[in-house]
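Structure 1 and structure 2 below are two forms of the same protein chain, each written out on its own as structure tokens.
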Structure 1
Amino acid sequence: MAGILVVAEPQGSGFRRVGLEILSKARELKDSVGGPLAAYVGGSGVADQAAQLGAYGAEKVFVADHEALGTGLAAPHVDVLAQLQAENDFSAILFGGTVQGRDTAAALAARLGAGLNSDSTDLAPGGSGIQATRPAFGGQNLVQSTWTGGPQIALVRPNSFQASESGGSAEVVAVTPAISGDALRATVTARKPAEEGKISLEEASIIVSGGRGLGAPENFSVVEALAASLGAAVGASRAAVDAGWYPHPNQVGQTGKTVSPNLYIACGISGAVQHKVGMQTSDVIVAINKDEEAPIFQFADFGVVGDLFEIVPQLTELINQRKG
């Protein structure tokens, strides 16, 4: 067993930030796990960007360029990663907790008969090389686990680590992907990309959420404007989603997404426990609610009692002014 492989998902001409976050963290794990620190880039037309990962600490970047690797489906990546594992025997393989990351990590781990620690919010030296921490019961508990054998496969929640450059450079190794017929059974026949500039909730470092206090679907524009000024994603409470004011994928909470952004701004959300368990692992929580008794004020870091229709547009204006 040797080294750590970080799976970095390409996005446009760069990478999803979570991959860079994990690479940055993995530099600290090299001493306990052993080097080298390698990265995997799989996609369609991604060969040119692979070298960028050297700046984040990757010493070696395996790049697999194939049409089937650019569809968002995981099965072809599983074939390529299994092939890489057979040739390199990595001690640890680390993935970001995106849709594609979860799918690829789970199927690869199952194929290799390896352990999988999902939804990790911290990785540290310890256990059998790495110790993973994950929140349980909506963040009421933190569970530390390790692996009973290798390779140690982990999924990491976005925003768990800071992406930082190391100033290094990487050797890029082109891989010839051998993709089986089975991995090509599911095919993508059409793609409808999300709106330009929309950031997914899980990956966003700032989220502005709206609840029933918005009163009507069109009023989400108030929340969207604040989100745009901050470069944030938009979330919603279940009450707002159930009322049909905002789409399902944006729901935060027990029956929606679990998010851990650096900043969560709740506008017109009461802070019911089912909402809280989806966002209480955020670094900083700000709440705007006209009811001073609203439960959200019991766990927000900064709260303003007042009318969101006054405060949110003012805040948007102030932030836009500040940006110049």
Structure 2
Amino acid sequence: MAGILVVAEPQGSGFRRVGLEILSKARELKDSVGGPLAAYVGGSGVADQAAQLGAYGAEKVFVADHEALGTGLAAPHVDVLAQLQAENDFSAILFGGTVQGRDTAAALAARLGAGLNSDSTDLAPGGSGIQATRPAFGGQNLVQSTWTGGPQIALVRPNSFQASESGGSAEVVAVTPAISGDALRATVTARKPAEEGKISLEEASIIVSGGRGLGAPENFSVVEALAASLGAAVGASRAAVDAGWYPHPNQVGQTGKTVSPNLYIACGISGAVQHKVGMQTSDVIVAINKDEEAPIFQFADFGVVGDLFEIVPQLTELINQRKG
């Protein structure tokens, strides 16, 4: 069969956005790889939503519906994906860089004896099919690499591409999953729900980020207050995270998360290239910094030169007043 297989993770009645982003990008890679563009959906009670992926370019969607595939554990998915690979001989298998995606892709690569390009921020035609780009040396360089054999397995950072509909439709194929006893040995004993009201950085439509200009970890309260007024997620620069001012899961940049919100507000962030590549696809970028020579003003849509400790609280107050 050859072609590309994109692993799409179900979320609610739809899918995690990264899977839709990869499908949209994979449409550009079809000609260089050859064969159809397919998707894999594994979970419990996911058959009804599989057809949605046709709108993003999937020509065929393989659906494996089994209780073990809805646990979040990688091993059952590895069994099913290895089964699909044996039956279809895909040239490339693409995963989103989520917790489950990273776990599953690594285990599948080991099972198949295949190469894995992780943390990819771009995919393009090249080599024997696909060329992957990823950051290296702390984000100071970008490395382009290909594979010496197949299948080509890649992990892609969320928000590296735009999710765009193609208006197509997909053939949905039910798969009878052959899951081994070994894959069922691990079980989930408990789940801890995410903090109520907390917004995922990757999925947020508005992000307010703080950097070294905040001066101290306690000053992130200024950023958090503005984010709360906007219903936004909170981000942080690498400098702030490295200083221990904010948790690493909130880091935006080449060595953190790549985000693409409708609005990105950078407070006290200089805009070094390491940070820029993690948020430059935001629709609107607003920079607040007292240094008028800060690099971030070169690519921000709106810039405010001034003391963030005066500007941000006033902005928060005005927003809260408007909200009543």
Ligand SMILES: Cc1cc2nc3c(=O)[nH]c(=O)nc-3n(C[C@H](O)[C@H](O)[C@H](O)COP(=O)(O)OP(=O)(O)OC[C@H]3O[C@@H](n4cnc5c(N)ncnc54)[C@H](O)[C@@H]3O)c2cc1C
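C-alpha atoms forming the largest set that superposes within 1.5 Å between two forms make up the rigid core. When a residue number appears, read it as a position in the sequence of structure 1, where counting begins at 1. Quantities reported herein were computed from a predicted structural model and do not represent experimental measurements.
- Two forms of the same chain are shown on their own. Structure 2 is the form predicted alone.
- Superposition on the rigid core between structure 1 and structure 2 places the CA atom of Val173 less than 2 Å from its counterpart.
- Once the cores line up, the CA of Gly256 ends up 2 angstroms or more apart between structure 1 and structure 2.
- Comparing the forms between structure 1 and structure 2 on their rigid core, the Cα displacement of Phe220 reaches 2 Å or more.
- The shift recorded for the CA atom of Ser282 between structure 1 and structure 2 is 8.4 Å, with superposition on the rigid core.
- The shift recorded for the CA atom of Pro313 between structure 1 and structure 2 is 4.7 Å, with superposition on the rigid core.
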